[in-house]
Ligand SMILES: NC(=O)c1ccc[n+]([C@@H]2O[C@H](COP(=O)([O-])OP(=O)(O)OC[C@H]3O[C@@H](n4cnc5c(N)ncnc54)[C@H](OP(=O)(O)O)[C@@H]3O)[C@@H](O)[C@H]2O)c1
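Below you will find one chain, with nothing else, as structure tokens; this is the form predicted on its own, and questions on how it binds or moves follow later.
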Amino acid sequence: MNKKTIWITGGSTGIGKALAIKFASNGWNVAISARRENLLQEISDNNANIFSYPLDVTNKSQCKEVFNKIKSKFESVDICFFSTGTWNPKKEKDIDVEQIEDVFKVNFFGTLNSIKAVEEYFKNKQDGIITIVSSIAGYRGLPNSTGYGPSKSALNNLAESLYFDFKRSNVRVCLVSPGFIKTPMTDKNDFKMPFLKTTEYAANKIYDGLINKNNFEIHFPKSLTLILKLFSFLPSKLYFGLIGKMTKYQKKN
């Protein structure tokens, strides 16, 4: 029996890297993509089942070219895990239009470019999983999040829309909403992150959700995500009051 194959973008660090190692250790072929070729190669050199495919997801034609290379090598691709993301908290506190455009270009349009690259393949195959990585920041608006949160909220809506489109072709669309995971990206945060977890924890939760379960959304840790999901049902006045107190957000004098 041929090995199954997963393609992971954002695979050079953080959750993407941990998930690549998790799948490889379970006998899968793993194709990893990111912009930093040296980091990809290092991971590939240390793991027999992981293969490096450098990629800038903001380049539409490159997304298609890289996916064609992966298809050519492994013949069949079973799961795509699109987790490319960027975040610069220092530039999120004011409305920096250029910064917000860059965030959307990577987080939203980079993911969209990746999905477009595999759309025809999966619809013809009539099988497989397309995974979109969002964040708890996409549930509702948060202070000091003018670009990141909105980009993740857009991904949530996109995933729900694509769920219907791909279901007709028997392809599962899955949304992943992590809480605070210790990665190079969250290391930029200057506040205490509640329920902070490791990338290995995240990889185990995602692997279980993709392989052993069939839910639309994989969210963790539940101790945090379930609270935030409850918050999403609150009237705006209550929500703003609670989040304001929790984040000690106040009007400038």
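A quick note: this is a predicted structure, and the numbers were derived from the prediction, not measured. Residue positions are given as counts along the sequence shown, with the first one as 1.
Just so it is clear, the following notes concern the form predicted in complex with the named molecule, a form of the same protein that is not shown.
- Site annotation in the predicted complex: the residue of Ser153, Thr131, Ser145, Thr183 reaching within 4.5 Å of the named molecule with a heavy atom is Thr183.
- In the predicted complex, no heavy atom of Gly149 sits within 4.5 Å of the named molecule.
- Taking the partner from the other structure, the named molecule in the predicted complex has no heavy atom within 4.5 Å of any heavy atom of Ala20.
- By the criterion of a heavy atom within 4.5 Å, Gln99 is excluded from the residues contacting the named molecule in the predicted complex.
- In the predicted complex, the named molecule sits within 4.5 Å of a heavy atom of Thr13.
- Heavy atoms within 4.5 Å of the named molecule in the predicted complex belong, among the stretches 90-98, 161-169, 76-84, 120-128, to residues of 76-84.
- In the predicted complex, Leu55, Asp56, Val57, Thr58 are the residues of 53-69 with at least one heavy atom within 4.5 Å of the named molecule, listed from first to last.
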